[in-house]
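As structure tokens, the next two blocks hold two forms of the same chain, structure 1 and structure 2.
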Structure 1
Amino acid sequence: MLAYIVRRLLLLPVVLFGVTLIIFAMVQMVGPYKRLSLYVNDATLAHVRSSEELVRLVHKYGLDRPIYEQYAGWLNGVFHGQLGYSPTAHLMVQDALVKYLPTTAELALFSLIPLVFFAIRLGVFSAVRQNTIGDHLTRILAITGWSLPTFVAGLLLLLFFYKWFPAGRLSVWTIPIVNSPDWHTFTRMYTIDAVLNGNWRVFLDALRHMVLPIVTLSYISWALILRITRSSMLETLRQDYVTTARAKGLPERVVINRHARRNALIPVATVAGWTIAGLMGGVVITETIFNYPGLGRFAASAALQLDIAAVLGFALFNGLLLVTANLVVDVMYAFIDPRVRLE
């Protein structure tokens, strides 16, 4: 068990190192002047007026040196949390990421709720009632959900529900409240801060703006989770221990909830990593649709303005997040399923 976790932990830096290599290789496709924004560690780039100054900067940051030295220089910066300057945000990339992170984290946390409560339940329901009308409807729902891209689903939601659930993050009348000196900022997630401030009007307003993004974001993964839960549940229901439980005369509800469902959820845990990757891609699209000012919209608008430093910073951050998430999933998996530990 310990060896398994240690092996996983040792692999982490290797994979992350590989990610930086790929990103650095991709960036070599643009010229040194465009790459400059990756290296600077202050806002000097915003004040450059002449081409002589650019040449001087290229020399200063070593962009005219051999490629491995450039890589080492860049990696050193990344290692110290310096990701370059983003002209779109008028901030250093690492500061921009920190600024936008709570907004996105709030959205991502809330969108896990419908996944856990509806997708898994529907999957179990569909398997228990196999081949009934309810099962067929659920499956049709799943395959339609699988085929309708997020950006279409999100825009349709916006078309029909804009009146009740507007885009953006807060209403015009709420913004002065959160900017007033009486407002205590704890997490910069407005729903949580509102609860801590005891201000329910802000809480409801923030939530109202989040409803459609939450639905859109969770929708990306729920079709997948539903399908996997269903097929895994179907397999579990055929196991001997389920038959034994039934033979003991246990009520069907106990058989399903206690004996079958717990075991059926093990494979669902494996797709948790994919779900997180899907959520991160989904954040970019969802936030763009609903004009929700988080990391995703920042990255999308930076990409449109060819703000390489910001987009790369975002990608690196996502790589780190995904690698860590996969590690956590693997370790948890070993705890849940004894068969993994033995390998």
Structure 2
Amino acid sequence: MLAYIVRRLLLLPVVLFGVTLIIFAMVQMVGPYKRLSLYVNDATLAHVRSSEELVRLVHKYGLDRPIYEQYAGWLNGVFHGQLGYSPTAHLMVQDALVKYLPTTAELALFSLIPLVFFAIRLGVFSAVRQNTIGDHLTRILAITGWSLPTFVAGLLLLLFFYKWFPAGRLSVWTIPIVNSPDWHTFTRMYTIDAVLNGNWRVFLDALRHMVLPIVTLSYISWALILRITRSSMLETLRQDYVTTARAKGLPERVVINRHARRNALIPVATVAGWTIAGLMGGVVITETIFNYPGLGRFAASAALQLDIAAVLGFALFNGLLLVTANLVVDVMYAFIDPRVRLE
């Protein structure tokens, strides 16, 4: 087990190196004057009065040097936590990511609850009761959720439920409370901080604003995981070892939970890892529709304003999340399937 995890950890720097190469290559499609935002802020550019000064800045930061030298300089800045200045957030990119991450993490945390407690359970239920009314209803819900575009689902929910579950993150009356000196900020997640401050009114208000984004994210991701769980479970139930377990007279509950479900979770773990990484990285469409100030909306605003530094930092952050999610999934394989430990 330990050797398996060590091998995966040794591959992590190599994969991250490849991610940085791809991201940096994409940035090279933008001219050197646009890439100045990686090194200077608006105040510096505001003092530029001529094209000669721009050329001097380009030369100063090495944007006219060979690509490999530029890459080495940019990578050195990444290692030192210097991702450039974002005019969209009026902050350094690393500070903007830290600012918006708790908002997205809070949304992702609550969105995981229906995924874990409903999607996998309903997938197993649908497979065990194949071709029954419950199976047909579950499949209809899953197909509808997977086929419905995110922006359509979000807009429909806003249209019908905005009165009870408004957009944004907090109501107007709540903002002075969380900005007051008496409010103690622990995590910058309003629901958790409200509990720690003992203010249940703020907790309920923050939760009320999260309902529609959670339903939108959960329903689509829930539908995908449910379908994969059902398909994997159906295939597992046809295996010889399941037939043997039933022939031994084991209770059906033991056959399903101990022998079939665990092996059926292997492909589900892969999709779930990517889904969680996507939620943590900020779901751009959902946060934009519901005016939810997380990483997704920040990335959308940065892209619209051609904020190269912010887009680059967001892409790098998402790449790191996906690589980490793959590593976690690989380690999970070793716990779910003992055969992996022998490879």
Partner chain sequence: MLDLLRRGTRLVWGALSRFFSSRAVRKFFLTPTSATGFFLVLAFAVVAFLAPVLAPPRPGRNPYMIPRDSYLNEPQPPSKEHILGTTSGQYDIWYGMVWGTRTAFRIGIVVTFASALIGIVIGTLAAFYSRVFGEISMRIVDIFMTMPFLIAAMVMTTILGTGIDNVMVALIAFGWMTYARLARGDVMTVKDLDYVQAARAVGASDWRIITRHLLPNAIFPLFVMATMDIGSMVLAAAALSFLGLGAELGYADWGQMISFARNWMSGTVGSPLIFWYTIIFPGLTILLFGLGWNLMGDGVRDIFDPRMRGSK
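Just so we're on the same page, rigid core means the largest C-alpha set that superposes within 1.5 Å between forms. Here, residue number means position along structure 1's sequence, counting from 1. None of the values given here were measured: they were computed from a predicted structure.
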- Query: The same chain appears twice here, once per structure, so which copy is the form predicted on its own?
  - Reply: 2
- Answer yes if the Cα of S171 shifts by 2 angstroms or more between the two structures on a rigid-core superposition, and no otherwise. no
- Query: Core-aligned, does L158 move its Cα 2 Å or more between the two structures?
  - Reply: no
- Query: Does V211 show a Cα shift reaching 2 Å between the two structures after rigid-core superposition?
  - Reply: no
- Message: Superpose the two forms on the rigid core and tell me the Cα shift of T236 between the two structures in angstrom.
- Response: 3.9
- Query: Core superposed, what is the CA shift for K248 between the two structures, in angstrom?
  - Reply: 6.7
